[in-house]
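Read the single chain below, which is given as structure tokens and is the form predicted on its own.
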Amino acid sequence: MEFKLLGRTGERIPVIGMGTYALGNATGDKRREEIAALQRGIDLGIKFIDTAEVYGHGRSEALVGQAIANRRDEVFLATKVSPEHFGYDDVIQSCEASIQRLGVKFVDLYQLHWPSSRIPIQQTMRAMEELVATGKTRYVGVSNFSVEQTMEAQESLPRSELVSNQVRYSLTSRSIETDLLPYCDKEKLTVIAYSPLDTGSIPKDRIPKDMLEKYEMTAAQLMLNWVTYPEPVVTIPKAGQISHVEENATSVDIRISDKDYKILSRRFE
């Protein structure tokens, strides 16, 4: 597995992580399959798991907690707080509730899930700094923030440093290339790309077959290879099935050439 630095921290995280959106709602065999998929991912080196309090109203975090029981030290664990909980006390309580559902003592990365127009970012970030100071989280991140919102978030952290921005990014969803991706690259902020496979709608008919044959990759693997090609970007494809996790795990074993990266980029402009 390839690793990249998280922001300016010196922490190295896997380029391919595991997203858990829509996981945790199932019961019986399906639930066991989801847990097994996460555990298989850890075995294969995909030791970065991302979840959120809003996913299944906490059920996703509970599922992740089951999957990483007795394996906490192996995993870089990230979760997110929802905008309706951005008040100072609510942030603290939400983090503590997430930690309890996950069955851990702390999370590695705590992120603001979406910007809020109702609660001042200064109040929210004051709570985030308190969580860092008390050891409830190691790092602070944001999600779905614009350049301006990211800058304001960083300015509201006098004692800490913003390390990441989690945003939608794929071959078919590239709006961040205009300003956010260059900004994060310049400021050494990690971009955590979600929905890198276009929520499963992989455009196989648009991906050059000769490129798939050249690198002996599936269309999904080539898309993951492409999306993590820029230096600041790591990604978190959904990890609901063992077969998908195994496919994802080898997607960056070989890197596509700069020439092919540009060809693929132009194909989807």
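So that there is no doubt, residue numbering starts at 1 and follows the sequence shown. The structure displayed is predicted, hence computed values, not measured ones.
Absent from the display: the form predicted together with a small molecule. The rest refers to it.
- In the predicted bound form, the small molecule lies within 4.5 Å of some heavy atom of D50.
- In the predicted bound form, R31 stays away from the small molecule, with no heavy atom inside 4.5 Å.
- Looking at L212, you'd find every heavy atom of it more than 4.5 angstroms from the small molecule in the predicted bound form.
- Taking the partner from the other structure, the small molecule in the predicted bound form has a heavy atom within 4.5 Å of a heavy atom of Y194.
- Note on the partner interface in the predicted bound form: the residue among T190, S98, T137, S143 having a heavy atom within 4.5 angstroms of the small molecule is S143.
- For the options D108, E152, D185, D198, the one in contact with the small molecule in the predicted bound form, meaning a heavy atom within 4.5 Å, is D198.
- Heavy atoms of every residue among Q166, A220 and E247 are located within 4.5 Å of the small molecule in the predicted bound form.
- Of the candidate stretches 225 to 233, 238 to 246, 62 to 70, 39 to 47, only 238 to 246 contains residues with a heavy atom within 4.5 Å of the small molecule in the predicted bound form.
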